[in-house]
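First, one chain by itself in structure tokens, the form predicted alone.
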Amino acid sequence: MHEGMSDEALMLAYRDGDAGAFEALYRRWRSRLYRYLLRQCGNAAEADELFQDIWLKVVNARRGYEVAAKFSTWLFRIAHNRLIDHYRARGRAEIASFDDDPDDADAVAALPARPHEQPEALLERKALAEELVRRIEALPAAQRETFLLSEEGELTLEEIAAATGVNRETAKSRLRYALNKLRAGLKELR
């Protein structure tokens, strides 16, 4: 019933008392929002806490919700503001780095040995992915956030600008600089 509805229509339905509409929104956005938070703060426990806080804010804001922008823009604006509050509360200017997943080694060992998934190829891809994560973490905070909103949130430049409170050209410049730095860094590896 809810699958064909737009995000904005779902939020309006939820505002009007349709709990199933919230469930549909949550299913659509939970993974992207969580990945964005995890990559921004680098700590699963903090990301979990922020994730719950943001969805609680969505629930609490439902009665006053009006369609002024795309739901994704509104959601990631809430996330952006919550992250800023999180960093201020902890006195952090920079985002922490990612921890390696200790289960990765076991997962690699259990994979079937197809030609393109030989251990050497897997290790090479893992090393490349780890380097990409390091390069993303090394981006200035504003560029990193813009890049993650684009990639994880799948937001347009206009939506990124609205979510972060900057104009479109600033968002475009930040994304361009981030992409150029990441491309240059990955070229060095080849």
Partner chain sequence: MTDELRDERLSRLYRESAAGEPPPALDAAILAAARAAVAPAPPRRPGWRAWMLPTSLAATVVLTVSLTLVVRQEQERVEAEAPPPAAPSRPAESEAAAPAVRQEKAATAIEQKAAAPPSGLKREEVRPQSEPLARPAATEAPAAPAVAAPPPAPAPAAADAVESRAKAAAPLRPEAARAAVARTPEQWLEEIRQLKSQGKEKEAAESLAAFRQAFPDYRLPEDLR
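Numbering follows the first chain given and starts at 1. C-alpha atoms forming the largest set that superposes within 1.5 Å between two forms make up the rigid core. Note that the coordinates shown come from a computational prediction; the quantities given were computed from them, not determined experimentally.
Same protein, other form: the form predicted together with its partner chain, not shown, and the subject of what follows.
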>> Is R39 near its partner chain? Define near as a heavy atom within 4.5 Å, in the predicted complex.
In response: yes
> Is there a non-hydrogen atom of A162 within 4.5 angstroms of a non-hydrogen atom of its partner chain in the predicted complex?
Replying inline: no
> Can L128 be called a contact residue for its partner chain in the predicted complex at 4.5 Å between heavy atoms?
Replying inline: yes
> Should E154 be classed as touching its partner chain in the predicted complex when contacts are defined as heavy atoms within 4.5 Å?
Replying inline: yes
> Would you say all of Y34, L56 and L148 touch its partner chain in the predicted complex, counting a heavy atom within 4.5 Å as a touch?
Replying inline: yes
> Taking heavy atoms and a 4.5 Å limit, what residues of 1 to 34 are near its partner chain in the predicted complex?
Replying inline: Y14, G17, A19, F22, E23, Y26, R27, R30, S31, Y34
> Is D53 one of the residues whose C-alpha moves 2 Å or more between this form and the one not shown after the core fit?
Replying inline: no
